[in-house]
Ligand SMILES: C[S@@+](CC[C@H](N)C(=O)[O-])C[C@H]1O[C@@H](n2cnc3c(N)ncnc32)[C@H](O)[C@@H]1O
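This document opens with one chain alone, in structure tokens, the form predicted on its own.
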């Protein structure tokens, strides 16, 4: 099964709005971090730098939870939570809507948030639920699991404020303190917690932190996801979100390959095929997203203080399904663009990916026609149909280059 149908003729899809935190989420978060943005701003900036060091350069270390440290927790809430919440929001908009056809009125929508932190996914989840067309017929039940008691307490405080601000009374939130490396669906149920099935399971910025010291981290991560897929509803979505860092993202590619090899799920998006990930062919390659966003007002001043530029959302992700649904109809002419357009001398090129591999696709300026002009406005992550491509088989060790001829066509099926 697939979702978005191909546009008719030369029509293109509509690019979705630029992600940004809603006014209510921004207000709730600002109330929590206001003191840190004032008198203790220097300490906040130091915390942002310390977290950046931990997230990017000390990946192999098993560090105590930064969310249990007051200063680092405030830095995370002010700088990293808005960024990561916006990523979750973008993926909630991308995933298929909840299938309520088999639910009776009053049946709950159940969400499981693994490695929840201080509410990173819960805040956009609540807004997503408040805007859902089926909300009046189905209450929401969310279970958040994390090892940090401080993070769970912050999650409760923030979500309670947002629930009141949204004026939604049909939401139940519960929190479970547990070590995900030791927790299994079976032990989770034995403790008396709701065992599913869950309509959505979210694992955000967590998988890369698990099983770092294991003899075979990839096998352990793959088995972890596979176990929790067992409590996903047959028409549910399992969302995995990770930073765009090369080692973390390549590990996610390997987990993907293991899950598909074992036949336990399919990828709804971003992948348009179930073959081995072609980004793993070269050791220095990886596939990630980069999407523009509108940050809260307090992010740019922090950027200026610490020397960062947080003007885009960079991440890698998987939306997994068990029912075979895919984001668009797949086929050898349907590609996902996995790089930005590059202006060459008299030509534009882009890396693309589908069931045929990961070729580089180019169109010479002199061959631009109305039928292929849509390529000019493409971005990384867009899904396009490109027909009548020409090219030769790649030589050993070389990348396959395909070109769009004058009679070739480019149609944008889905934009990000």
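All figures in this text were calculated on a predicted structure; none of them were measured in a lab. Positions refer to the first chain, counted from 1.
We do not show the form predicted together with this ligand, though everything after this point is about it.
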Inset, instruction - Decide yes or no: are 95, 109 and 268 jointly within 4.5 Å of this ligand in the predicted complex, with each residue judged by its heavy atoms? - result: no
Inset, instruction - Name the single residue among 209, 141, 257, 285 that comes within 4.5 Å of this ligand in the predicted complex, judging by heavy atoms. - result: 209
Legend entry - Single option in 299, 338, 180, 334 placed near this ligand in the predicted complex, where near means a heavy atom within 4.5 Å: 180
Inset, instruction - Using a 4.5 Å heavy atom cut-off, indicate which stretch of 165-173, 143-151, 130-138, 257-265 touches this ligand in the predicted complex. - result: 143-151
Legend entry - Partner proximity in the predicted complex: residue 55 to this ligand, non-hydrogen atom cutoff 4.5 Å: yes
Legend entry - Any non-hydrogen atom of residue 84 within 4.5 angstroms of this ligand in the predicted complex: yes
Legend entry - Contact flag, residue 198 vs this ligand in the predicted complex, heavy atom cut 4.5 Å: no
Legend entry - Interface membership of residue 278, this ligand in the predicted complex, 4.5 Å heavy atom rule: no
